[in-house]
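One chain is shown next in structure tokens, namely the form predicted alone.
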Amino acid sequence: MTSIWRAREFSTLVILVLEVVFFTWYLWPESGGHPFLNVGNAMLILKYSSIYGIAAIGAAIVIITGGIDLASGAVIGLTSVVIGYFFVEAGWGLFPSAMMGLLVGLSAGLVSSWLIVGLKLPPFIATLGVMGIWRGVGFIITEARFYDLSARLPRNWTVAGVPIDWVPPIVMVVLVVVFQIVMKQFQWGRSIFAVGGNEMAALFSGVRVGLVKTTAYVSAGLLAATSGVVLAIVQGQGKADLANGYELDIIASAVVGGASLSGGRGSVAGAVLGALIFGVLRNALPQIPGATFYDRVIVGLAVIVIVVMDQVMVRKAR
């Protein structure tokens, strides 16, 4: 029980449960159905939190290595544009169009890792530059327009018999289970933690630091592109400014879920729980009069508080 209580995933889950309980109480109606606690609203929260959650898995992996990835939102936006171009303009099928979208994430990860590992640029500067380039490429392709995927997608369609609204949460759950196992049970995952904990010690232990960092950024790029595929299909459009500003929420989800910006500590499951925490906030606050725009303030405050607490814990551990 002591080990469970100390687990960061458990404390993050407790915060999520308390948050749900609070908004359930605060938004309790005097009559009629509950505006927050209902199946339809829960599905809405899960669907859109999954966009952040999938990308947050990759953000957590990069942060655990001691890096940062600011390009996730731009990758999501450009992925939607590429899918829209091939699906709407070129007339390709949805599956091959989605595969082309995933190439955006692969390219972003390779470019970022080359700048960081090859040219030794700071991760912040490298991924900031990649973010600007990818966002600009999206506007060049679309010429500030958008591709209407919904015009070619059938109404109320399903994927392998699963309603489209259920696809994002299912994809997120599958990915978090896979990456949680890989990070805990496989050599690659242990190498990720080793590089973030002490890069020099990992190098002298035989860990191929450059390769580990490259795979971390490629994984983050592919996961961000997966979010882009899901968002494009759910929203039914490909836009260059789609997912604008998502970088903060994605990184915040990973940090709140236990990823230390100092590297060496974190959890992909915690990152997804962090995405759900912010998903509940974004859904519930607009239902409170006068609190519509407070979610950005709360996200920023949460990141600062969590990072300060993390630094205090690191110093005490020393």
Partner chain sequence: MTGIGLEFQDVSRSFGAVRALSGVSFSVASGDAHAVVGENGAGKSTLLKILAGIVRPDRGAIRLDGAVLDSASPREALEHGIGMVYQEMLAFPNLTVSGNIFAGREMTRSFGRLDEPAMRARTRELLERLHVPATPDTPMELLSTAHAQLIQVARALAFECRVLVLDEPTTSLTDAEVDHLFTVVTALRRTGVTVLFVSHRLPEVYRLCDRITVLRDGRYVDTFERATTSADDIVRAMVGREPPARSARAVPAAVGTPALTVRGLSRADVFHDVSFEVARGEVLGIFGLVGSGRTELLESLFGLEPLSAGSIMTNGRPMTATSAAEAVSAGLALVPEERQRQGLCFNLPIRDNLVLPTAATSGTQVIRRGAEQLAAQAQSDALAIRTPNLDVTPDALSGGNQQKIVIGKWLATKPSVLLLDEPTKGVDVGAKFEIHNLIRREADRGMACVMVSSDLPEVLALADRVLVMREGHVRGIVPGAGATEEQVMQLATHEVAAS
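These numbers were taken from a predicted model, which means no experiment stands behind them. Positions refer to the first chain, counted from 1.
Another form, the form predicted together with its partner chain, is not on view; read the next lines as being about it.
200 is the sole member of 140, 119, 162, 200 with a non-hydrogen atom lying within 4.5 angstroms of its partner chain in the predicted complex. Only one of 223-231, 244-252, 188-196, 109-117 places residue heavy atoms within 4.5 angstroms of its partner chain in the predicted complex, namely 188-196.
Using a 4.5 angstroms limit between non-hydrogen atoms, residue 184 touches its partner chain in the predicted complex. Using a 4.5 angstroms threshold between heavy atoms, residue 154 stays clear of its partner chain in the predicted complex. Shown alone here, residue 205 lies within 4.5 Å of its partner chain in the predicted complex, counting heavy atoms only. Among residues of the shown chain, residue 66 is not one whose heavy atoms approach its partner chain to within 4.5 Å in the predicted complex.
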